[in-house]
Each structure stands twice: as structure tokens, then as C-alpha cells.
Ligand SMILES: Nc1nc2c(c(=O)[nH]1)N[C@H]1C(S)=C(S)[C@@H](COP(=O)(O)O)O[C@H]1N2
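So this first bit is one chain, no partners, the form predicted alone, shown in C-alpha cells.
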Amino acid sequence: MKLRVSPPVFKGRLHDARTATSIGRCLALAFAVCFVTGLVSHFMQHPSGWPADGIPSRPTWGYRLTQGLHVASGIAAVPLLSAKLWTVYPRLFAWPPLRSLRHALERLSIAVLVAGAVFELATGLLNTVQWYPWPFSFVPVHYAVAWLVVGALLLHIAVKAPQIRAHWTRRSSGTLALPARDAPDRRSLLAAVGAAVGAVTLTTVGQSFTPLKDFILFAPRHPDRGPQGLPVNRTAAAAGVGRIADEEYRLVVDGPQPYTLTLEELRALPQHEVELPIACVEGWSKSAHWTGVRVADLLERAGARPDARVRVVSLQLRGGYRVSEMGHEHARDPLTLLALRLNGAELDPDHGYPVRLIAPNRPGVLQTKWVGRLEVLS
């Protein structure tokens, strides 16, 4: 007896083009915000060479806003992508699976889009908790796959443009629209998806939008928890930095007129206080009061040109971002300090004792801790 295998039959409602289009609009918006802010983050984290001079130091909260939006939109995309896949998954089992060359290319683009989107959201979420259970470097791979997803998404939109157009307005004109009696069920589904997006946003966005910090349930960082009321990503122990003795510390400023300062000499220089946020790539941020010496004053004493870039070198023994560079806008900004105090107290070792960099509109990973050297670059 010959056994005939029939494709599965889906009788569930709401697996239609109108519902998919309604959810797809919100998902595309979340992806767009996440991609654009991700580009900003990538460019600001890797400012080596002449592009560093194009990064503005104002507004002071610029990176805090863009990175907060990046993480928030990525988290919001999780329930949106799940709902979108639920509405369209029966078509993955349509028979025959490949009807033409065009259909094969369409399916290939969808496979790339779905796989890439799931990869981006999954790795992005794991990055927020600093867990990397994979053998590759997160930043370059995440960045490259983002371009792949955007390309597949644009191709998918182009292929599906007629169907999207037919179901974009409140009244669907396509043959795949559900009967009018199913409209309340569609509204209930969309309301549930919207509630899910609102819930995950409300319970995580407080890590960067501090007025909502009391609603934090799932964010990996709380903006008030950490030494001196500020979170820490890399501790002194993790960076291989022990307690640095005051009498042993030296700051080397290497420029046309190089010099060296002890910690007591740094403390004796004019001190300035600024209020600036720490904004980390994992999505959390918080403003704090910093006191220290203006980098511009140190560079002027070293005979640096006004347009000179600066390399900041940490005393840490291991870990990424041991060295960072600043363009002249950041280096000469009066808010950019080598900070010695945080919120009125001496820096905790985990916050970079005895000296750390703090500058406006700059990723947290580039706010170098345990600074031992400033190098003027031509």
C-alpha cells in the first residue's frame, strides 16, 4: 500500500495578509529605529582615525538617547517578530514548496530575513547581560548581520509591495482578507501584541529612562545599584587592576612638551565639576556628578594644537577598550575631564580610581578608567 503524505492544514483564523501587514508595519518601524541607532552606536564606538573628528561632543545626552532607543526598540521587536511569524507560518507549509524561480528566490530572502532577525535579537539580548556563548566576536558579527537583515527586509518589502499596498488601509482590498465578523478577533490580537510590547518596554526602559526605574523587572542593570550609586560593567579585579598606591601613580602626558604628574599634583590643579551621564552599550545609563581636571588644560600645557586628537591609555592589564581615542571636539570640550571624584567622593576602584575619563556624548566603553597616559596625536 502506498502511503500518501498530505501537507498540514491550518484552520486557525487571523493567519491572513491583513493581520500580517498590520503587525509588519510596527515591526518594520522597530527594526528601522534599531538599525539607525545601531549605526550611530557602531560609529561612535570605533572612531579611530580622521572620522573621530566628526563626532560631536554635544548634546551631552546624545549617546544616552540613541543607545537607549537602540536597546528599547530591539526588545520591543521581540513580541512583534513573534506575532508576525505566527501570522505567516502556515505559508511555510504551502504546497508545492517551490513553484517557480521567482518563488524560490522569495523563499530564500524570507529564510535569510527570519534567520537574521532572530539572530540579531537573540545575540543583542544576550549582550545586554554580557553573556557570550559563541566563539565569534559579538560587535563585528552583529554589525554585519544587521546589514544582511536590512537588505533582506528591503527585498521582502519590494516583492510583497502589491500585497502590502492592498492591506495597508483599514479596509483590505485583497482576496485574502478575513470576513468582517473576524474583525473583533483581529483587534483583540493586535491589542494583545501592543500590550506585550508595552509591558516589555515599561519593565526594561527604566535602565536608561530613569523616571521609570521603579518599574524595572527584567533589565539586567538598575541605574542606582553599584559602587557610589552607579552601575559597573568591568570591575578593577576583572581588568587586572589592583589598588593603585597614591605615591606610585603617575600620569604621563605625551605631546610636543611632554610632562608627568603625580596624583598629588593632579589634585592640586584647578578642579572642575560637571554633571554627565555614563551611557553603556548594554542600554543602561545614569547621570552623575564628576570632579576633576579639564583635559583641555592638560593638552594646552603639553603644547598640543587645537585640532589635535588624543589617545587615552588605561593601566588595566586585560580586556577590550584598554585604549581609546578622542577627536578634537571632545578633547577640547570644557566638560571633558580626567575625573578624580564621583558624586562628591573619591573614585571607587571599580569606577577607575585614581583617575578616569568622563566626556559628553560618548559611549561608556570609551570613558576610559584607570587612566595612566594621554598621547597627543598629530
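As the structure is a prediction and not an experimental result, all values here were calculated from the model. We number the residues from 1 along the sequence you see.
Below: the form predicted in complex with this ligand, not depicted.
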property	result
Triple contact flag 278, 350 and 364 to this ligand in the predicted bound form, non-hydrogen atom at 4.5 angstroms	yes
Answer range among 54 to 62, 30 to 38, 329 to 337, 315 to 323 for contact with this ligand, defined in the predicted bound form as heavy atoms within 4.5 Å	315 to 323
Contact residue in the predicted bound form, from 233, 203, 262, 163 (heavy atom within 4.5 Å of this ligand)	233
Residue 368: touches this ligand in the predicted bound form, heavy atom cutoff 4.5 angstroms	yes
Contact of residue 356 with this ligand in the predicted bound form (heavy atom, 4.5 Å)	yes
Heavy atom within 4.5 Å of this ligand in the predicted bound form - qualifying residues of 73 to 101	none
